[in-house]
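The chain below stands alone, shown as structure tokens; this is the form predicted on its own.
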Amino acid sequence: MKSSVLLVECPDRPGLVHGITGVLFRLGVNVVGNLEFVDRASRRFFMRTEFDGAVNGAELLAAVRAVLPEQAEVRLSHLEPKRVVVLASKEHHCLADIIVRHLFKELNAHVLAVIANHATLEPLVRKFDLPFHHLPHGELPREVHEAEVLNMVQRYRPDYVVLAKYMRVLSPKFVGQFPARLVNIHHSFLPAFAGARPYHQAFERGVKVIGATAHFVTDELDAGPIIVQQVVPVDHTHAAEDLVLAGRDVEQMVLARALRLVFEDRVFLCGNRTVIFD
């Protein structure tokens, strides 16, 4: 049996850990992991508690809320696999990594479908017996194409939408449908090398590290709360094509780690930052 996870966020005050764990003790469950953090700037308390044992969920939530401030946010997760739709364009590396991990059950997620604005990756997706929907943007107005994509995504009722190198900017209207449920990956050159061929721009500048950032999507382009970042060293012996390959590798690793954290309910939002219990 999987452990259950209690997730708490509220204004900080003395005795919170004692009160929460006391409720769990009285209900007869066994705490197997506990992490807590207080953000001093906002005076917000965050806590993630894993426990074993059968419990009435409604009773547990009511009892925990009774020992917390009124503004507390409390959730109970049984770590069921998250329902996920992936948006893609032409680049294969992040999508391929996701669907391989999906096949081997490494992400605590079930990939429901892949939606792309190009047909390039359809043969790859079909090899894994996953639905693939090609919705070309062509000459369509951006809002018309986006409405088609949103309609297709909503058919699957996903818990999360992952942008696996989806090369279209999403409007606030689209983003607003999935608050803190849209995860994106991009290279970490922004804003230094924006636009086309960023790795070739980086080569011309002689960069010494290649990095990637996974983050939640917000209305402000590529400025949402960061989940995971990572860099790898490069040097003068790397050609532009080597930088592209290094970038793909680090993007795969960063996105996979970010998705694992999110899908295992290890990420809290704290303003435009994240609190992560790894």
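On a predicted model such as this, the values are computed, not experimentally measured, just so you know. Start at 1 with the first residue shown and count on from there. Take the two forms, find the largest set of C-alpha atoms that superpose within 1.5 Å, and that set is the rigid core.
There is also a form predicted in complex with a further copy of the same chain; it is not shown, and the following applies to it.
- Only one segment in the set 135-143, 148-156, 168-176, 97-105 has residues whose heavy atoms sit within 4.5 Å of a further copy of the same chain in the model of the complex; it is 97-105.
- a further copy of the same chain is not drawn, but in the model of the complex it has a heavy atom within 4.5 Å of Q229.
- The shortest heavy atom separation between A41 and a further copy of the same chain in the model of the complex is within 4.5 Å.
- Shown alone here, E80 lies farther than 4.5 Å from a further copy of the same chain in the model of the complex, counting heavy atoms only.
- Although the partner is absent here, D219 sits far enough away that none of its heavy atoms falls within 4.5 Å of a further copy of the same chain in the model of the complex.
- For the options K208, H118, R75, H110, the residue carrying a heavy atom within 4.5 angstroms of a further copy of the same chain in the model of the complex is K208.
- The candidate spot formed by F51, L60 and R65 is out of contact with a further copy of the same chain in the model of the complex: none of the three has a heavy atom within 4.5 Å.
- Of all the residues from 249-273, those having a non-hydrogen atom no more than 4.5 Å from a further copy of the same chain in the model of the complex are D249, Q252, M253, R257, N272, R273.
- Relative to the superposed core, A202 undergoes a C-alpha shift of no less than 2 Å between this form and the one not shown.
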